[in-house]
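Just one chain is shown here, as structure tokens, and it is the form predicted alone.
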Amino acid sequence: MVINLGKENSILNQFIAELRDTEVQNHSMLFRKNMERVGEIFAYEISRRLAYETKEVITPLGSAEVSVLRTYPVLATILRAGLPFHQGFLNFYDKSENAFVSAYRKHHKDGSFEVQIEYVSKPDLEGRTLILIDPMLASGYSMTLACRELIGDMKPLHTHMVSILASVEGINYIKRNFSSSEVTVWVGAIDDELTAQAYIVPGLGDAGDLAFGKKL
């Protein structure tokens, strides 16, 4: 159910190292580009799990039989931090339909907060592969809420949840709420600690602020 690509040596770990590095983080364009690059790597790895069919392609000198995607997955992201990450997937799955979830943390005076969904835009997901993209899987609650809002009464063929970084607590939360037949979780690294404010430690900070600037 959980696939941690960061356990193997690849260029993915270089990009994640730069995303974590406070010196590199000062360059917001590079931060966004690294998120996009990581998205492309995940997109390729997930493509190995999708269904293919044989197609005859006419070339200038004849014809060739090639294996092509049977159907493109639906790409969904949680705004705003997920946008550069989402672009990496869209670079590969350029014919995919897309879905977007607008969610935010509503903070209370006692320091607690709750996640609320403002808006969902989505195509038909019935019988289709869904890739739900969010750079950070912290508590797991936002990802679960977004997934359920997206799916509603529909039954996707399978859902891939993808995050650059995850906490142990977030992974366990997803495991408690979804079966392996429903969901595969893809991550680039798993960190042990989660703060009371649901920030991953060591993590990388606020991905949305680092990509687009601080919000009020």
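All residue numbers refer to positions in the sequence shown, first residue = 1. All values derive from a computational prediction rather than experimental measurement.
One more form of this protein, predicted in complex with a further copy of the same chain, exists but is not displayed; see below.
Contact here is defined as any heavy atom lying within 4.5 Å of a further copy of the same chain in the model of the complex, and by that definition not a single one of Y141, R148 and S180 is a contact residue. Contact check for M154: a heavy atom falls within 4.5 Å of a further copy of the same chain in the model of the complex. Under a 4.5 angstroms non-hydrogen atom cutoff, a further copy of the same chain in the model of the complex lacks E169 among its neighbouring residues. Of the heavy atoms in L90, some are within 4.5 Å of a further copy of the same chain in the model of the complex. Contact check for V115: no non-hydrogen atom falls within 4.5 Å of a further copy of the same chain in the model of the complex. Of all the residues from 1 to 33, those having a non-hydrogen atom no more than 4.5 Å from a further copy of the same chain in the model of the complex are N9, S10, I11, N13, Q14, F15, A17, E18, R20, D21, T22, Q25, H27, S28, M29, L30, R32, K33.
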